[in-house]
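Just the one chain here, the form predicted on its own, laid out as structure tokens.
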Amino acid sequence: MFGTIVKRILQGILVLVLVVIITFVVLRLIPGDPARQMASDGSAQAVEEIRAEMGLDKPIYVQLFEYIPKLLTGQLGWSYFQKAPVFDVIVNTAPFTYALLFSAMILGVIMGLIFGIIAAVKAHTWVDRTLSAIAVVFQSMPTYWVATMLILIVSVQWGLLPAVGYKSPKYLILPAFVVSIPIFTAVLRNVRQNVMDGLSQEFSRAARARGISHITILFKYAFRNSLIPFITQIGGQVGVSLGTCVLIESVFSLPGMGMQILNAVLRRDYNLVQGLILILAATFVLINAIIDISYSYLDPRIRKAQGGL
């Protein structure tokens, strides 16, 4: 078990190192010069002085070798456009993104679980076909289009919820619902298929023959047997949802990390983009590492294979 944890930690560190290197290099290869944006009306000499101050006059590999030691000591750099340390910008914006992410995850998982189990129990009936059709329709709709339609209908026409900005938790309801839609559809289809498979297995039929109640068979046997693919699905949805949050925050003008990434990329604020992407990648790696480690607790066969008790 300890070996598994160490392995996951090392894999996570390797992923983060690759994220840092790729982000660092790609940002400097795309067109655009942050020094020119900061001194748009300045002379060529002024631009060069700013580039030297930012360290952009050096080769990319030299900039990278200077950046990594600072990163290892917790220094994420300075945001020249925000005129603040990158760490402070992240601290001020991360709560909005994580509140949106976890609200959407909870909403999407609960709805997907409920309707996925209903679809499995009512397999091949009009209930199952209706829920499956709804999942396909929701999955095919672009999230930015759904967000725009909800703003026009719920906020503008009906006046039920605020459309943009953030002043209270109420402002997160519409964005969280939009981000939860892909989670809901993925979880519904995953739970439906795996619970249906569980109900058709020999152990479920044997339990039914012994007179065990249908509810017990459903949750203790069929659903429990599908926990690992269900949790794996959730882990995959974390990465998808993080990307969706970046888009949806720009649509709803939420002051989270998504809006910061968008503005930072447009301004070529290299340090801020690198810091924000690193934090988002670390979130994804951490959650998936926890999920991987949890497998050994959910399935005794995996724990035995890993040498656990």
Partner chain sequence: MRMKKKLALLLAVVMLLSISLACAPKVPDSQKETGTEDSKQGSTPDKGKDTLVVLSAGAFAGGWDPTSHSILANKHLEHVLYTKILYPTDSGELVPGLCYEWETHDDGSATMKIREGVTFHDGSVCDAEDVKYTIENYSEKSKPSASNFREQLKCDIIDPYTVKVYPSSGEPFAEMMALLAGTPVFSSERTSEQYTNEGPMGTGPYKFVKFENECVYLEAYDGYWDTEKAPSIKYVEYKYVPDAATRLAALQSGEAHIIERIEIEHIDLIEKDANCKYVEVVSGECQMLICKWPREIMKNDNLRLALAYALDREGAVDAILGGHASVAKGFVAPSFVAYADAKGLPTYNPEKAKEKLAEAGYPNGEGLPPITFTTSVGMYAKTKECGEYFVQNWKDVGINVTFNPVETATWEELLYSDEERAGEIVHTGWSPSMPDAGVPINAHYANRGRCNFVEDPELTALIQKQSRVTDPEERLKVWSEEVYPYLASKCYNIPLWVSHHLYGYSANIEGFVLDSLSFCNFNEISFK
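Keep in mind it's a predicted model, so treat the numbers as computed, not measured. Residue numbers count along the first chain shown, from 1.
Keep in mind that the form predicted in complex with its partner chain is not shown, yet the notes after this line are about it.
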So, in the model of the complex, is residue 206 in contact with its partner chain at a 4.5 angstroms heavy atom limit?
no
Would residue 69 count as touching its partner chain in the model of the complex under a 4.5 Å heavy atom rule?
no
Contact between residue 221 and its partner chain in the model of the complex at 4.5 Å, heavy atoms?
no
If you check in the model of the complex, is residue 163 within 4.5 Å of its partner chain, heavy atoms only?
yes
In terms of non-hydrogen atoms within 4.5 angstroms, which of the given stretches 178-186, 93-101, 198-206, 111-119 touches its partner chain in the model of the complex?
93-101
Going by heavy atoms, what in 16-33 lies within 4.5 angstroms of its partner chain in the model of the complex?
31, 32, 33
